[in-house]
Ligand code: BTN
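A single chain, nothing else alongside it, follows as structure tokens in the form predicted on its own.
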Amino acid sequence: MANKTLLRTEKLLTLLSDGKFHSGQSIAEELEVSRTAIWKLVQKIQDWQITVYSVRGRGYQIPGGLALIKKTPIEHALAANNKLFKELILLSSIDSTSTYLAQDWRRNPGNGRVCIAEHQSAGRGRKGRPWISPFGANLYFSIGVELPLGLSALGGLSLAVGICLCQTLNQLTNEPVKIKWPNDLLMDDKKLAGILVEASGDTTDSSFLNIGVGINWDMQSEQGKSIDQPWANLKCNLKRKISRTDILAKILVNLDKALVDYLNFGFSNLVELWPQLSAMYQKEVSIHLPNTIVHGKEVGVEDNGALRVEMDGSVKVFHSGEVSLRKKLWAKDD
């Protein structure tokens, strides 16, 4: 879609987000387009699975309106507190925030940046799995930043991000948020969020980090019907009412600090937090390897973020990318 059309679509979306009827004539004047062009823009919004009413004599309406993410409050929060993120990109729809950042960085490397989207048409999770991304239902964002750390020094980075997210969200929620190694957040044993860290660069000197995060906010059952595991929403578990914009601002300010701390201290100073934040600590687990499944008890993490599992009287270590973790259902007579 041409850039001008996208801008007009986003402007129309903002107009209709108040939940009120807007006449075709007023929209045409505001967007400086024809009535026919308005209908095409409405169809584009509907392609994002947003319901738009069209009523003769009244105009167009998004029933119930939309609480869109606002860019300015986040920029203000980052300007006052952050060291690494110098640019904020907010998009209505994109294939993937992580893909966008990777391409944007190749064209224009340098300052750290954050890409936020209301909708992803091809959101990506771990191991190439799709990340379901309905419009305005959740939080989707990616952080692109270059750190003077080689790839060999990035062990535990996804866990550091997960710990930061847990600590931030646990200040706001009634139900505790915990980490399922290596890159998921759980609430009441249901998936709340996922983290995807992609790194490129030199083994020893520097690396570009592309950190993607998806957090379920208020996804409806119909929207998440293709997800193959139980999932939870953040909105219904908050101690007080707070907008997606304000939560995202808190998260980004805290992630900036967490990445600076990681740059200075690595993951080792976070290891002691693992027992209280792990969803599986001291529990029996099943670990899925490429050709087999092994069982044991999670007993912690190493300074490099590797998982420690007690098996047959000894502790074995498993590294990120080699395993996925599932609770083992033990029979009563085991």
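Start at 1 with the first residue shown and count on from there. All values derive from a computational prediction rather than experimental measurement.
Just so you know, the form predicted together with this ligand exists too; it's not on screen, but the next bit is about it.
Can you tell me which of 104 to 112, 117 to 125, 171 to 179, 241 to 249 lies within 4.5 Å of this ligand in the predicted complex, counting heavy atoms only? Single hit among the candidates: 117 to 125.
Item to complete: Let me know the one among L255, L154, I195, C166 whose heavy atoms come within 4.5 Å of this ligand in the predicted complex, would you?
Response: The residue from L255, L154, I195, C166 that makes the contact is I195.
Even though the partner isn't displayed, in the predicted complex is W131 close enough to this ligand, meaning a heavy atom within 4.5 Å?
Close contact exists here: in the predicted complex, W131 approaches this ligand to within 4.5 Å, heavy atoms only.
Review point. G214: heavy atom within 4.5 Å of this ligand in the predicted complex?
Key: G214 belongs to the contact set for this ligand.
**Message:** Can you tell me if K235 lies within 4.5 angstroms of this ligand in the predicted complex, counting non-hydrogen atoms only?
**Reply:** Looking in the predicted complex, residue contacts with this ligand do not include K235, since no heavy atom lies within 4.5 Å.
Item to complete: Using a 4.5 Å heavy atom cut-off, state whether S158 contacts this ligand in the predicted complex.
Response: Answer no; every heavy atom of S158 is more than 4.5 Å from this ligand in the predicted complex.
Next on the checklist: With the partner left out here, which residues of 134 to 148 have a non-hydrogen atom within 4.5 Å of this ligand in the predicted complex?
Outcome noted: Result: Y140, F141, S142.
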